[in-house]
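Single chain ahead, by itself, as C-alpha cells, in the form predicted alone.
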C-alpha cells in the first residue's frame, strides 16, 4: 500500500498536458471565461493607445505654469475643449491651455495636466493657482503600460475577468484555448439506481455520478456520462473499453475493493491497461486504482462510498484534470495552516481526512469539522463544506485551537 505522497508523485508524473498544437480551439472572447490560454498573446496596439489625461482639468505647457501660486496665478487663454473620444484640433502655444477631461487625448504642444481643483476659470481664461510638481504630471503616456509586439499574456494561464479585459483592450476577440479534457464517468454496482427510480429494498441511489460530473466541470473538464454499469464482467469490459477510446481520463466509482464482485482491476489488465496504484494509505479512500493505457488515457477507479469517492477526487483527480488541461501553475493541491475549532482524532495508521468548513477570522484561518459522523458512507454532512483537514500518519490528535494542515477544494 502506497503512502499518499508516493501516490501523488506517481499520478502527477503520469499526466502529460494537452498538446498546444493539436488540442486547441478558437473561442470568442465572450466564451473565454475559465478557459486555458493555449498560446502567447501579443497585440499590435500600445497601451495607453496615445498620450491622454488622467484627470479633469487643463492641458498646459509646464514651462508656462511652473511658477504659479495662489498669490501670483498664471493666466492662460483657453483655446479648445477636449472631451474623451475627441481628436484635438489645435496646438497649445505659449500662454495657452485646453480644457480637457479624463481619458481625452493630449493636444500637441501640451505636456502637463493641471487638475481643475487647482484652477479658477473666467470665460475663456483659466487662472492656474498651483504649480505642478513635475512635467508630465497627470499625463498617461502612450505605451507606458504595454508596448505593441511584446508579450501581453503568457500561455497556460486561466482566463478570468481581468485577463479578458486585457484581451478586449488589445482587440483580441478570437482566442486560442486548450480544449476541455474529456472525462468519462460511470458507477458500478448491481445495487445502484438513478435518482428518478423508486427504491427497492437493498438498493442505493447513485449519487457519485452526479457529484463527480459537477466536480469535473468545476475543474475545467467535459464530463462524458456513461451511467450505471452492473457488476457483470462482460458489460463492465465494454464500458471501460468505450470510455478509454473516447476520453482523456476515465473515472469509475465502486468495484475496486477485494469483494467477489469487484472486477475493475482484472478488466483493466485484460484491456492492456498498466496498473500503477491499487491502494493508498489514506482514510477515507484506501481502495484506489490508477492505471494508464497505450493512448495515454488515465484511469481512476475510485471507491464506491460517496465520501471516499469525493475525497480521492479532490486529492488526486482534480489536480490531474487541471494539469492535463494545460494550466502551467496553480493545478497542484493547495494546503494552508488553520486552527481547528474541534478535536480531531485518527488511528495514526493512515493519512486521515476530515471534511468541514474553512473561514478567515481576524486574519486567522479556522477549520470547523462537519457535524455528525464522518463515515465514508455519509455524504449528508459533506454539504456546504469547502476544505479537508489532514492528519498525517502517526498523528493521533489535534486539540481545539491547535494548528492543522488543510486542503482547499
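Positions refer to the first chain, counted from 1. All of these numbers come straight from a predicted model, not from anything done at the bench.
Quick note: we don't show the form predicted in complex with a small molecule, though the next part is all about it.
- Contact with the small molecule in the predicted complex, defined as a heavy atom within 4.5 Å, holds for exactly one of 191, 222, 163, 137, namely 191.
- Residue in contact with the small molecule in the predicted complex (any heavy atom within 4.5 Å), chosen from 119, 325, 289, 305: 305.
- Only one of 152-160, 138-146, 305-313, 94-102 places residue heavy atoms within 4.5 angstroms of the small molecule in the predicted complex, namely 305-313.
- The candidate site formed by 204, 208 and 253 is fully in contact with the small molecule in the predicted complex, as each residue has a non-hydrogen atom within 4.5 angstroms of it.
- Among residues of the shown chain, residue 187 is one whose heavy atoms approach the small molecule to within 4.5 Å in the predicted complex.
- Though the partner is left out of this view, residue 80 does not reach within 4.5 Å of the small molecule in the predicted complex, counting heavy atoms only.
- Taking the partner from elsewhere, residue 262 is found to have a heavy atom lying within 4.5 Å of the small molecule in the predicted complex.
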